[in-house]
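The data below hold one chain only, encoded as structure tokens and taken in the form predicted on its own.
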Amino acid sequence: MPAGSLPPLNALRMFLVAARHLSFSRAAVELNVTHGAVSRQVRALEEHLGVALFERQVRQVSLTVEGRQLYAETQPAMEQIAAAARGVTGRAPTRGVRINSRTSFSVRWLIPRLPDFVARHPGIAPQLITSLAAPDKAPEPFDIAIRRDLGGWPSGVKAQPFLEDELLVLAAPSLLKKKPIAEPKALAQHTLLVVKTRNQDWDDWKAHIGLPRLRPAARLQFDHSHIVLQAAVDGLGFAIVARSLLGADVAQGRLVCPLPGLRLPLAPMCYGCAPGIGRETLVFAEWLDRQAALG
């Protein structure tokens, strides 16, 4: 590529849309062109730059290191151009911030608080993408990701702890009325509700309180923590759940913590911002910090 030569802007535009979706087909739908047109334009851009931007597999594509770098560094510029165009026409811009978060944390902590963000920042539209994958394996690009610990982040993304957390025992008042839980050994007469990806929480909590051989009467397994919490509200058993996921269930009396002094500290919730993010993402990150400080 000649020094100072701009890439073909139409091809760059198609690349950015395909990179955002990680799909040529979905990019074609958004741009109202054919899949082949997107593929040809991206290929032309790759030839112009002399590097591969996508790794192409059967029915899916992923960004190469060069593709991620190009996306991170050119997407803000394209958004700035769009903002300038809107300014010329006199229309107030609405900017988006793409938030990658796990499902249960989104349902139980983030979404109930989002009305506050929208009210405070009407010019910024939060776009929530739920995913169980680690941030470095995210299925599509993000501006900010939220996860529990400091591992599994892409290079160039520094995770920032913002919310302390801990595990505690929860159960419905109706369940405790039938069979009270005044001490840990009383859990042996109840059904344990667990998330299949967090089976270790129960063992870690037992070891923490010094009863590693404690066994529940039965065990029911679910896909997500928010489903476990609903099962607990409905009286199916007790759960060992992170405090960050309690929502309003304890405050409104749907769940209680029968062993309040027996809690296991967890790794904090963290957020990480992608390289080249705009001001709106920094605004969202600052809002996360304020929300965590509120408790």
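Residue numbers here begin at 1 and follow the sequence given. The term rigid core refers to the most C-alpha atoms you can superpose between the two forms while keeping them within 1.5 Å. Every value quoted in this text rests on a predicted model; they were computed, and no experiment measured them.
Below, we refer to the form predicted together with the DNA, which is not included among the displayed structures.
* Full three-residue contact with the DNA in the predicted complex, heavy atom 4.5 Å, for H121, T191 and K206 -> No: no residue has a heavy atom within 4.5 Å of the partner.
* Asked: Just one stretch in 243-251, 225-233, 55-63, 259-267 has heavy atoms within 4.5 Å of the DNA in the predicted complex, so which one is it?
  -> After filtering at 4.5 Å, what remains is 55-63.
* Partner proximity in the predicted complex: F284 to the DNA, non-hydrogen atom cutoff 4.5 Å -> Flag for F284 set to no.
* Asked: Any of the heavy atoms of G50 lying within 4.5 Å of the DNA in the predicted complex?
  -> Answer no; every heavy atom of G50 is more than 4.5 Å from the DNA in the predicted complex.
* With a 4.5 Å heavy atom cut-off, would you call S39 a contact of the DNA in the predicted complex? -> Flag for S39 set to yes.
* Asked: Is Y271 one of the residues lying within 4.5 Å of the DNA in the predicted complex, judged by heavy atom distances?
  -> No, Y271 stays farther than 4.5 Å from the DNA in the predicted complex.
* To do: Using a rigid core alignment, state whether the CA of L22 is displaced by 2 Å or more between the shown form and the other one.
  => Indeed, L22 is displaced by 2 Å or more.
* Core superposition between the shown form and the other one, C-alpha change of L53 at least 2 Å -> The answer is yes; the displacement is at least 2 Å.
* To do: Classify I277 as shifted (yes) or not shifted (no) between the shown form and the other one, where shifted means its C-alpha moves by 2 Å or more with the rigid core superposed.
  => Shift at I277: below 2 Å after core fit.
* To do: Pin down for me whether the G123-L31 Cα distance shrinks or grows in the predicted complex relative to this form (closer or farther, change of 3 Å or more).
  => G123 and L31 sit closer together in the predicted complex.
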